[in-house]
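Single chain ahead, by itself, as structure tokens, in the form predicted alone.
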Amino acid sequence: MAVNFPYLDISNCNASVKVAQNGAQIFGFDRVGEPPVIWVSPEAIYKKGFPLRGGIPICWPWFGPHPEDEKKPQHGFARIMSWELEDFSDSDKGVTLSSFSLSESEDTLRLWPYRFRLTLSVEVSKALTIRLNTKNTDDRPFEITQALHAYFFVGDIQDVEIEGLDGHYYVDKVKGGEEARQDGSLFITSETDRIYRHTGSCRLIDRRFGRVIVIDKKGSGSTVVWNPWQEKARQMADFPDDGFRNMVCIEAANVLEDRVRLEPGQEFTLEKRIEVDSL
């Protein structure tokens, strides 16, 4: 499908990454000679002002539905606004740096009445490191929830194991917000939508592709894991009926009681680093 908006195509000797101006959304991370790391729906809508299904959407300044007005955009407005390319530098050592910014406008102020500056920094090497910096440029404090909502490409969801969550408590949104404790590794066998109280790293073990995706993070008190499974996949127009078999979301987030409060002039950075190793 044609891409109907501008994007930055970053390539070096280690990997290639695509970043859309729409939402500063990463919609490709391919290491040289390997399967894609990031999943994008083959039925995604590539159109300015629409959320792109897959990649790494930026959920900000709220995660999920707006807490007071469900008519406002799901997961906030950052992922559907046009960002500006701030900086780009290419290194001979296989490291490429770029940054994008978003500030308040008439459109954002109608949805959220605060002045702010968002900066997304993208570092491409053999790994992918992304940093979302929020600065409060208003004269009042504000609170945000947020996520770097990464969709990972897997060979088959039935051959996937997620390590790193053992012993952590989570809110199970599929079961109406019921709380439980993770016992051992996580295996996806049905619709999964969980918010873990978790600050550490995860290992996504993919036996079909013979690799481990290591997801590290900083500035995040929650890890969200999501797979819609078959029934919900069929309900989404931009999601193939069998697409759930080849993806799983592992998100670095600040949600629920983990929300971030910023006083005027304060800044906060959410960081996510994605590495790939062989099994």
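Because the structure is a prediction, the values reported are computed rather than measured. Residues carry their position along the shown sequence, with the first being 1.
This protein has a second form, the form predicted in complex with a small molecule, left out of what is shown; the following refers to that one.
Contact between residue 79 and the small molecule in the predicted bound form is found at the 4.5 Å heavy atom cutoff. At a distance threshold of 4.5 angstroms between non-hydrogen atoms, residue 226 is in contact with the small molecule in the predicted bound form.
Though the partner is left out of this view, residue 74 does reach within 4.5 Å of the small molecule in the predicted bound form, counting heavy atoms only. With a 4.5 Å cutoff on heavy atoms, residue 135 does not count as touching the small molecule in the predicted bound form; it lies far away. Contact annotation: the small molecule lies within 4.5 Å of heavy atoms from the stretch 149 to 157 in the predicted bound form, the single such stretch among 149 to 157, 102 to 110, 204 to 212, 163 to 171. For the three marked residues, 53, 63 and 251, a heavy atom of each sits within 4.5 Å of the small molecule in the predicted bound form.
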